[in-house]
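Only one chain is included here, represented as C-alpha cells and corresponding to the form predicted alone.
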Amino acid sequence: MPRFEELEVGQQVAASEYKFSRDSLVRYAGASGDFNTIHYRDDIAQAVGLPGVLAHGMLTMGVSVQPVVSWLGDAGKVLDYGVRFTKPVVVPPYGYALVKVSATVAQLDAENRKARLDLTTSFEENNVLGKAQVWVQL
C-alpha cells in the first residue's frame, strides 16, 4: 500500500507493458459488445481511411490505468480517471502491438490526501492518450 508521505511530484510510481494481438481484440469485443469491424477486418479499416485494424480505445484506456490499480492494491482508491484519445494503436495481423504505460505523480493534495497521477501511454514511441490523469485517495 503506497503511503502519501512518501510521494513526490515527478516520481514514477508504476509502469507496465501490454501486448495487443488480434486475439486480444476479439476477446475484448466479446466482453465489451463492441463488434465494430475496424477492430478485426483490415479491408474495412483501410476502406474508411485507417492505417489498419485498431485496438478499441476503451481497451487502451482500461489497460492504462491497470498499473495504478496494481500499485494501489485497491481499485476503490481511484477517485477519477479521464483521457483523451490522440493516436490509434494499430494491431498487426500477426504478432502484437506493444503498449507501454507509466504513471508519474503530478500533483499532491496534502489536506485531502489525494494525488493526481499522469499516465503516459505509448505505442511505437507515440503517446496514444492525451491528458491521461488519475486522481487517487491515499
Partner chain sequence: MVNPEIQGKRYPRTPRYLVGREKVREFAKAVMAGHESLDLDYARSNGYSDLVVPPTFPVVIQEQSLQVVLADPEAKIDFSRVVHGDQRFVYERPIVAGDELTSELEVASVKSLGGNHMVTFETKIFDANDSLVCTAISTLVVRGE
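These figures come from a predicted structure and were not determined experimentally. Residue numbers count along the first chain shown, from 1.
Another form, the form predicted in complex with its partner chain, is not on view; read the next lines as being about it.
Interface membership of residue 59, defined by any non-hydrogen atom within 4.5 Å of its partner chain in the predicted complex, is confirmed. Though the partner is left out of this view, residue 85 does reach within 4.5 Å of its partner chain in the predicted complex, counting heavy atoms only. Using a 4.5 Å cutoff between non-hydrogen atoms, residue 110 does not count as a contact of its partner chain in the predicted complex.
Although the partner is absent here, residue 24 is a contact residue: one of its heavy atoms lies within 4.5 angstroms of its partner chain in the predicted complex.
Scanning 54 to 71 for heavy atoms within 4.5 Å of its partner chain in the predicted complex gives 58, 59, 61, 62, 63, 65, 66, 69, 70 in sequence order.
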